[in-house]
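Quick setup: one chain, the form predicted alone, written in structure tokens, and binding and motion questions come after.
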Amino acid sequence: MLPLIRIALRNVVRYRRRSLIALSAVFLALFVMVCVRGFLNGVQSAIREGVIDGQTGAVQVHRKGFLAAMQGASLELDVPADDAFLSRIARAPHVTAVAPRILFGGMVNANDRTVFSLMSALDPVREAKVCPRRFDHVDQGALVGKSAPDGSDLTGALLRRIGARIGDRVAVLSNDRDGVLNAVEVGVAGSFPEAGLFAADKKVMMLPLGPSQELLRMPGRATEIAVAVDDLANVGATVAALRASLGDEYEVSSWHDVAPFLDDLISTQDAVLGMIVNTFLFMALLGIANTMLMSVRERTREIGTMMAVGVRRRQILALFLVEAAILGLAGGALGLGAGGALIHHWAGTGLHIKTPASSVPFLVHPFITPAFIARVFIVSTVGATLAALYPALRASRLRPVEALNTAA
């Protein structure tokens, strides 16, 4: 086998132009595959972390049935938000922080203008630990509860609708748990873009938990508890521990459950990427097959001579397959190396992508996994070998006399 490999290497070097064509095809295909996969990995990770660290948290705890009744904004399915209950959740494995929230609908009034709004009542200190990117999109004024205990943040669209500005006082109206309309006055501390990356609606308001509990007559209560974990890989263990600890009265959900669109988005992106990379790889392998077929046609006399001196057909077959494998291996190594180096550079510097939907640049850190590198390397080498199978079979089936006569 070793002499066969030496002959194959010599042939690859001898026919430089043809080898460079095949080599370039594999190199380009794998370089593009690595770059696209690495960039998409970074985008998917940034989107996932943005939603988890900016909106949902890794795990959420609700009263049983809350998620199913969420469209009805049921305040009756509440959970304790006192220190004892929060400490009970915080003792679960891998939990690093907990934050109570109340999600409800209400109206905002100022200057004789009343507009319906989606309300998120937060504990500013705890929320920043669970979702450190929650307030990234506040681009004017102060954060919730920072300048004043009742300071709130509204979208720019909501401020314009009610004719209010930062520093004004606004009234928040909503039905409490008993269905009685209640009102509380809060200050406008800041604003954030209505088309923020994670904003689901143009009329959104974030306000402190205390005034909201007063408004809804829910002292010491919340509708959900958001939980942060030390590593997203430990979410499953944390969910299982909390379910065992809290019992059937509560439902514990991971970010997969509360944001299923993320998994759907990633699956769709992976499917599209799969079609793209497979197309590039197919074109590269087609180039190798064409190159090897040309090689058979140009080396007919050489093949006839080898057979005339006693080289067996299976050795001719193996020779062409080894040549193709060398081209696939070398092109794959170069493509993966160049693509990996570029992805490594991007991973260190990061890519700042400006989107029309956000005032904050979208920071992407591309990365590639060793498993993907190994899989692509194996596929390129094996694929190149299989692509050369037909030309190699054709070469091995030549008759020595016919090959010599054809060449002559």
Partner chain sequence: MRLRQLIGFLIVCGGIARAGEPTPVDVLKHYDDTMSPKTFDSLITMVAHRQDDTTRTYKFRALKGDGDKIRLWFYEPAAAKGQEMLRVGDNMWVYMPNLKRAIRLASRESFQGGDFNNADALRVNYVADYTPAFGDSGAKDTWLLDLTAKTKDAAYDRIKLWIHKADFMPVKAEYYAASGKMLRSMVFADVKDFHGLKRPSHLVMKNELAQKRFSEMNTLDMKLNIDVPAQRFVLDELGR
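Numbering follows the first chain given and starts at 1. These numbers were taken from a predicted model, which means no experiment stands behind them.
Below: the form predicted in complex with its partner chain, not depicted.
Partner contacts here mean any heavy atom within 4.5 Å of its partner chain in the model of the complex, and among 112-120, 159-167, 234-242, 283-291 they occur only in 112-120. Proximity to its partner chain in the model of the complex, taken as a non-hydrogen atom within 4.5 angstroms, holds for one residue of Thr268, Ser87, Gln140, Asn182, which is Asn182. The single contact residue among Asp82, Glu76, Asp257, Asp264, judged by any heavy atom lying within 4.5 Å of its partner chain in the model of the complex, is Glu76. Interface membership of Val272, defined by any non-hydrogen atom within 4.5 Å of its partner chain in the model of the complex, is ruled out.
Contact annotation for Ala333: none of its heavy atoms lies within 4.5 Å of its partner chain in the model of the complex. Among heavy atoms of Arg217, some come within 4.5 Å of its partner chain in the model of the complex. Although the partner is absent here, Met107 lies within 4.5 Å of its partner chain in the model of the complex, judged by heavy atoms.
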